[in-house]
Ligand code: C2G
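Heads up, the chain below is alone and in the form predicted alone; it's given as structure tokens.
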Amino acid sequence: MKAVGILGAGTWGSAIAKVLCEIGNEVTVWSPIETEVSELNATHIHKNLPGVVIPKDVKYTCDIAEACIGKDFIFFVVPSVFIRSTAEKIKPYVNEKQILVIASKGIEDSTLMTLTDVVRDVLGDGDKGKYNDVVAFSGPAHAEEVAGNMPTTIVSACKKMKRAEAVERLFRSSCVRVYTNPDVHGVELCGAVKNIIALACGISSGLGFGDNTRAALITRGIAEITRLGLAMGCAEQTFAGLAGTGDIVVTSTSMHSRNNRAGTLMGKGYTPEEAIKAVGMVVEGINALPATTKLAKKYGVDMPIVAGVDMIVNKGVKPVDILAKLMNRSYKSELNKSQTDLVFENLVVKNKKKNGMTRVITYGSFDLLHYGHINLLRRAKSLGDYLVVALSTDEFSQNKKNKKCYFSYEQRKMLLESLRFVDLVIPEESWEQKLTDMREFRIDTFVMGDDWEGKFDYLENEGVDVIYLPRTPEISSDKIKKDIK
């Protein structure tokens, strides 16, 4: 049995409380509203969860210290705009041994921080990254269905996988099946921005349009979210998973979705304020609009659906005018890779697949390809049958590694592909993608230069051999650039 504190007594907080209590955990739910706490303690029925009876062992309180002190897990389930103030309230009552879980969805407008970063910012990282390991909890999970014990899948995301896995174990034996993911920001971005796409789908329905339009908005919406996520260094696979595609589908199509309902009302002529009032609950898609439009501008990412919803909600533009604008945009290919690249990569993977093959991976920029690089790649290939090289993209090199490459990504990729040691080149777009790469490409051995020694030992938890090879000491890309200069 675990002690669980839940901050927020809305439908999602109460649904989580019900599920965790029913499988034997001790659950305390906090709300700052005294009348709400009194009613829930007296009736154990939430007004927005009709037909659901919350177990009497769930305790509701107005004392936030009571919901935090001595708890193994603390879930934030307050509206996104109250995450920072709630974190300030719990600061005297929490410690680094407790697992903090963000079950709310949004991005802070004033800082453009995700909600896990907001909590870390308030509590302080402390010595040795004291509060660095906040968990994001997101995916296709309507409170009404979870409270009704309907089978549900969701994602627990944390850079420290042991904490993500602890949340997964907490929900075992319940109706909720939890998957883990190290891409925290990718999971959070999906959870926030999909609400805006759900608003768009609702507006479309309110205008009288059907399934074709909704499917287009969902599909192109996930493309917009993916573009933004990749520009921010998130893992591409996250956006095709539960937190991405799964959540956007359920939020954009369900009668339980507040964002979908609010959008439908706006499509029928309601103002945003009237729609929010009619829904009677927080509409997070509207809250997420300012931060998302700022992020799109910051990273130079085209997000026409998000921009269209923003014009409807915040600038009073008529929905039919936005639809015409979207339909008349310039035409382009759906794919962002050339046909030559796609055929080449598919053939490489197809021709190299065989039972018993040992797969090796290494990472780097490989700019100004030189004999030191060749030595590393030759030794890496000698450790197995198939060598994958994760090549840093131009954006990742410049924004995350503070390094400007002389040759472009496509030029460096072409050079690597011409080497007999290299079987496949994939893009390295974030620090966090290594775990997903190990699984997706069924890697047996991870190889890096010995200047990274010890930094990637955590990959051994994936059953991967981690090997640090000595670099060729007298040569490096930086030395070449310096000598030329």
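Everything numeric here is computed off the predicted structure, so don't read it as measured data. The first residue of the shown sequence is 1; numbering continues from there. The term rigid core refers to the most C-alpha atoms you can superpose between the two forms while keeping them within 1.5 Å.
There is another form of the same protein, the form predicted in complex with the ligand; it is not shown, and what comes next is about it.
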Discussion item. Would you classify residue 449 as touching the ligand in the predicted complex, given a 4.5 Å non-hydrogen atom cut-off?
Written reply: yes
Worksheet item: Hey, in the predicted complex, is residue 365 touching the ligand, heavy atoms inside 4.5 Å?
Response: yes
Worksheet item: With the cut-off set at 4.5 Å between non-hydrogen atoms, does residue 441 touch the ligand in the predicted complex?
Response: no
Discussion item. At 4.5 Å between heavy atoms, is residue 290 in contact with the ligand in the predicted complex?
Written reply: no
Worksheet item: Among 60 to 68, 30 to 38, 45 to 53, 451 to 459, which stretch has residues with heavy atoms no more than 4.5 Å from the ligand in the predicted complex?
Response: 451 to 459
Fill in: Contact assignment for the ligand in the predicted complex, among 162, 91, 318, 401, heavy atom within 4.5 Å
401
Discussion item. Considering non-hydrogen atoms and a 4.5 Å limit, which listed residue (169, 298, 370, 277) is close to the ligand in the predicted complex?
Written reply: 370
Practice prompt. Would you say whether residue 378 is displaced between this form and the one not shown, judging by a C-alpha shift of 2 Å or more on the superposed rigid core?
Written response: yes
Discussion item. After a rigid core superposition, would you say the CA of residue 26 moves by 2 angstroms or more between this form and the one not shown, or not?
Written reply: no
Worksheet item: With both forms fit on the core, has residue 477 moved 2 Å or more by CA between this form and the one not shown?
Response: yes
Worksheet item: Between residue 446 and residue 232, do the C-alpha atoms lie closer or farther in the predicted complex than in the shown form, with a difference of 3 angstroms or more?
Response: closer
Item to complete: Answer with closer or farther for the CA-CA spacing of residue 437 and residue 226 in the predicted complex compared to the shown form; it moves by 3 Å or more.
Response: closer
